[in-house]
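Before any questions on binding or motion, here is one chain by itself as structure tokens, the form predicted alone.
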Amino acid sequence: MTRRLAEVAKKVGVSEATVSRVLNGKPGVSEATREAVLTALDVLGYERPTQLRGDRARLVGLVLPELQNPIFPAFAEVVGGALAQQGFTSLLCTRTVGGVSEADYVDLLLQQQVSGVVFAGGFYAQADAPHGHYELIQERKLPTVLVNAAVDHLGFPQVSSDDYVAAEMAIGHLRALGHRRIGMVLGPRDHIPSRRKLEAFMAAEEADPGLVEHTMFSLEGGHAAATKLVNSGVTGIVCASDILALGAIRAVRRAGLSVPDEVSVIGYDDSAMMNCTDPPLTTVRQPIDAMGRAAVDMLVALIERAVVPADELLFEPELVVRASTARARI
């Protein structure tokens, strides 16, 4: 107990006596200090005293699938900053292969009495993935916002980049450069954003369903999928992420061809450093600043018990033309 008092007091910048008064529910402590002490308890991983567990901490869980893809750290920075401006502290939860699962994190966040959760790139975007932990969140009425497309039945507010429009932009750019044999590298078949991109691809003129490859979101996945497309004679490849696009560029080069002289490649996200790749990557930018702020605004409104419809806000992506696309050879 003494060690806990000392750690919390140091974290908040108050005396151990003040921390003791908060933990024992005694008067004489300002509401701001009381909230700071309770938040410090949560951040340091200590359980709140039984009589205080009914109070929600000003903590918000931010659940991400990984940090290797640079789009997710960038999103975490936006959301964390927007939450801080609203007086909340974000708890970053990252899934690990063979380690802590998304469902495990939900259990942990519920135990920590968080005020709400923001999910980005979670199992809600995969039709065949387990969704029981989302149903638990609904049962507990925990304010929650999802970022990017989700399966239909979950009933949470969503903030998304328009995947259909993004694919249209990429395909339209390649067609304007004279490409007609265009392939697409997408995520898994049950991935909802990839399904929306595929819908746009199939609606395009001269679309060939045989030039669509599904793979995991990784450099290696992009390489493997793009190798098949290059062997099929495509001159342009549209990818569902920048990481997939980097794998596609590697595949083109391993085939003895050049980007963009012989095969043009387009990514999606506009992650950090994509202007520094070789060649600098043409991509479709997700407006993560606007999306992140909107997600936080919706979450805070839910926390404050405002009525927020379980709708999807669609944000317009932006085509960013760099040096990985060029006019098709005739």
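Don't overthink the numbering: it's just position in the shown sequence, from 1. The term rigid core refers to the most C-alpha atoms you can superpose between the two forms while keeping them within 1.5 Å. Since the model is a prediction, treat every value here as computed from it, not as a measurement.
In what follows, reference is made to the form predicted together with a further copy of the same chain, a form of this protein that is not presented.
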Quiz item: Among 152-160, 84-92, 225-233, 168-176, which stretch has residues with heavy atoms no more than 4.5 Å from a further copy of the same chain in the model of the complex?
Solution: 84-92
Quiz item: Can you check whether R34 is within 4.5 Å of a further copy of the same chain in the model of the complex, heavy atom basis?
Solution: yes
Quiz item: Taking the shortest heavy atom distance, is P70 within 4.5 Å of a further copy of the same chain in the model of the complex?
Solution: yes
Exercise. Using a 4.5 Å heavy atom cut-off, state whether E66 contacts a further copy of the same chain in the model of the complex.
Key: yes
Quiz item: Does G13 reach a further copy of the same chain in the model of the complex if we count a contact as any heavy atom within 4.5 Å?
Solution: no
Quiz item: Which listed residue (A251, V106, L198, I243) meets the criterion of a heavy atom within 4.5 Å of a further copy of the same chain in the model of the complex?
Solution: I243
Practice problem: Have a look at V29, A290, I303, V43 for me and say which one sits with a heavy atom within 4.5 Å of a further copy of the same chain in the model of the complex. | Solution: V29
Quiz item: Any chance the CA of R322 moves 2 angstroms or more between the shown form and the other one, core superposed?
Solution: no
Quiz item: On a core-based superposition, does V12 travel 2 Å or more at its Cα between the shown form and the other one?
Solution: yes
Quiz item: Rigid core fitted, is the C-alpha displacement of V308 between the shown form and the other one 2 Å or more?
Solution: no
Quiz item: Once you compare with this form, do the C-alpha atoms of Q113 and A36 lie closer or farther in the model of the complex, given a change of 3 Å or more?
Solution: farther
Quiz item: in the model of the complex, do the Cα atoms of A32 and V300 sit closer or farther apart than here, given a shift of 3 Å or more?
Solution: farther
